[in-house]
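The chain below stands alone, shown as structure tokens; this is the form predicted on its own.
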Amino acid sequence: MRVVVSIGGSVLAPDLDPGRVAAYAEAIERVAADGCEVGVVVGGGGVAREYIETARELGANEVELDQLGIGTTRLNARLLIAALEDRANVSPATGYDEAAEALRRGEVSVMGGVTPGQTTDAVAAAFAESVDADLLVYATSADGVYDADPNVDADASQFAELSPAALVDIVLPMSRNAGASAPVDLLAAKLIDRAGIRSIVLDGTDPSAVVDAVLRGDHTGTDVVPTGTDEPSYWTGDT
């Protein structure tokens, strides 16, 4: 099975703890050791936001701010690569072709951001589409997809499963509200819908949650399931 895992920067390196990065590397290694081809997209998290806010106060424009964010995602990606040692590409891929080439070499393919105006949520979806991934996993600080922002609405309900089109419909109004917290951004949701990629949105605070989700489909997050698709044969042992 080919899987792309998107790891939020606030999940991988909230406080630059080497033990946490090592734990995520171990989780990725467990998935790869089980026979999966693994691509990883790393986000910028709080560090990126601090750089961006500081630069904004200094008068940087939006493209310059995005470039700062991309740079931070690639620094976080280098942390993960360091922990993975020779099992990953030597440096973060800067484009989808480069990332795909690392997969073909049998490496864990790690990348961060790619271009201004595009979040790592969208990068992960585009990467998954470009390599025909069987599964896309978002390891976030949220525990799934809700019908409203659970940070502000105590009555928000979590979806156990929904279609990619429904994900777009849910994320769209959230993207219009200042300060709203969508589980993935709108472009990522649209790419998932376009490509029909089976996806999982889960709480990645514990790296082992990613292992359970990828290898067995076990998790407490939200499944995004394209219409008419079955569970991956990898989960049922019918490969």
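Don't overthink the numbering: it's just position in the shown sequence, from 1. All of these numbers come straight from a predicted model, not from anything done at the bench.
If you look for the form predicted in complex with uridine 5'-triphosphate (UTP), you will not find it shown, but the lines that follow are about it.
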Looking at 203 to 211, 22 to 30, 66 to 74, 166 to 174, which one sits within 4.5 Å of uridine 5'-triphosphate (UTP) in the model of the complex if you count heavy atoms only? 66 to 74
Candidate from S91, Q118, Q158, N151 lying within 4.5 Å of uridine 5'-triphosphate (UTP) in the model of the complex - any heavy atom: Q118
Of A126, A100, V114, L135, the one that lies within 4.5 Å of uridine 5'-triphosphate (UTP) in the model of the complex (heavy atoms): V114
Is A188 close to uridine 5'-triphosphate (UTP) in the model of the complex, meaning a heavy atom pair under 4.5 Å apart or at it? no
Is I52 a contact residue for uridine 5'-triphosphate (UTP) in the model of the complex, using a 4.5 Å heavy atom cut-off? yes
Within 4.5 Å, heavy atoms only: does I192 come near uridine 5'-triphosphate (UTP) in the model of the complex? no
Does any part of A48 reach within 4.5 Å of uridine 5'-triphosphate (UTP) in the model of the complex? Heavy atoms only, please. yes
Heavy atom within 4.5 Å of uridine 5'-triphosphate (UTP) in the model of the complex: which residues of 85 to 110 meet that condition, in order? none
